[in-house]
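Only one chain is given next, in structure tokens, and it is the form predicted alone.
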Amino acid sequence: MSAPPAPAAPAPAAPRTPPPATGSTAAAPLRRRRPLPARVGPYLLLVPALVPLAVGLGYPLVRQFVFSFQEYGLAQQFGRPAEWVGLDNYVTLLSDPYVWGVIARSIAFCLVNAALTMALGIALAVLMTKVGRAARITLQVGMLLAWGTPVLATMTVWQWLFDSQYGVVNWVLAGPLGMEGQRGHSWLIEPLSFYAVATVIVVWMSVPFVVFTVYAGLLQVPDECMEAAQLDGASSWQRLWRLALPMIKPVLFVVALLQVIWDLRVFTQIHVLQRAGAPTRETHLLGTYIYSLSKEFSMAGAMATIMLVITLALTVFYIRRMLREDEA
């Protein structure tokens, strides 16, 4: 009779592992709270930049907004208290068909000038990448002179060029080109020709900024990419349109955004041309129309607020595209 089998030895117990920690506080290492000076220090460094901005931009903006809801004219400047009138100033302006005409002219003038400036600026920037060193330096010097000349000096020269009696433009049109009808023609008396002259001047003074900015962006396009596209058979136009310009798209968006804002706020060129003999009421844009309301602070404040809203509405598309580019 065989002996009964010995009972099996119990299996060794598996080592107990600690349960996984739950919660972010248990999984993440403990962080030492930084001292208060280290946390506040970066924000204190912003104070020197924020204070001038708040005083120089924030205060006038707030005052303009307050004026737009008050009855504030010459009487209030001599001590009479201002009265709150709610939305009356906005209702008065927006119910005037002439104001809507000024807004429409301003938007059309802004979009046409911004488009022309961008097209001409990109073309000249591309030209600067193609020409030799001497031609490129000549172009750059010419752009710097156009950009650096004071606005009033530039306006004086352009007024001479378009003078009805002694202007070079009329002389060329009536003499060498044989357009006798242009002899003694006044370019500023008709609104359409007035805006044509203003467009030439505004584009002339804005193009240098676009040229230098786009040219700097084109220099950042890697040569390897352009050479690879050329080896693949892409033409110069295809390399520019499908490769170079998409790579500098953020630069183009920023420049276009600034150009739209500047062209909507144009004032000096229009004001000087109006003083040269143009009909004022038929040639007002937003900037000069707000200036004409300078004796009525409340109406001018309301009109300036409307202009701010229009500017934000025109630029929201570019801002959204810029934010999408940053997220991508």
Partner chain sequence: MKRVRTSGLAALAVGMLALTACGGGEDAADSGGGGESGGELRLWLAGSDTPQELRDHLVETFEAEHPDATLVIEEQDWNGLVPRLQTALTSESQTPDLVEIGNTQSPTFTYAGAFSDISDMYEELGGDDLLQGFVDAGTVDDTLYAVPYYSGARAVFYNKEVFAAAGVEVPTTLAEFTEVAQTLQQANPTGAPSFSGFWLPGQDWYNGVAWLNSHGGELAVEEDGEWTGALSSPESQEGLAEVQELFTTATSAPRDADSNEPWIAFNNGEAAMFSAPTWARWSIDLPACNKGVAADDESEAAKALLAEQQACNEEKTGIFALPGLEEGSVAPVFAGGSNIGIPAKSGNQELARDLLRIIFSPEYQTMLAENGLIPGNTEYADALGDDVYAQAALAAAVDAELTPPAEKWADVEGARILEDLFQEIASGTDPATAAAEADQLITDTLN
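Keep in mind that what you see is a predicted model, and the values were worked out from it rather than measured. Numbering follows the first chain given and starts at 1. Between two forms, the rigid core is the largest collection of C-alphas that superpose within 1.5 Å.
Another form, the form predicted together with the partner chain, is not on view; read the next lines as being about it.
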* Asked: For this chain shown on its own, do Gly181, Thr199 and Trp262 all sit within 4.5 Å of the partner chain in the predicted bound form, going by heavy atoms?
  -> no
Checklist entry - With the cut-off set at 4.5 Å between non-hydrogen atoms, does Trp237 touch the partner chain in the predicted bound form? => result no
TODO: Mark Gln269 yes when one of its heavy atoms lies within 4.5 Å of a heavy atom of the partner chain in the predicted bound form, and no otherwise.
DONE: no
**Request:** Report yes if any heavy atom of Trp241 sits within 4.5 Å of a heavy atom of the partner chain in the predicted bound form; otherwise report no.
**Result:** no
Partner proximity in the predicted bound form: Trp84 to the partner chain, non-hydrogen atom cutoff 4.5 Å | no
Exactly one listed stretch (298 to 306, 280 to 288, 44 to 52, 60 to 68) reaches within 4.5 angstroms of the partner chain in the predicted bound form by non-hydrogen atoms, and it is 280 to 288
Only hit among Ser164, Gln140, Thr213, Ser193 for heavy atom within 4.5 Å of the partner chain in the predicted bound form is Ser164
Note: exactly one of Thr129, Ser95, Gln230, Gln77 sits with a heavy atom within 4.5 Å of the partner chain in the predicted bound form, namely Gln77
inquiry  = Is Trp171 displaced by at least 2 Å at its C-alpha between this form and the one not shown when the rigid core is overlaid?
reply    = yes
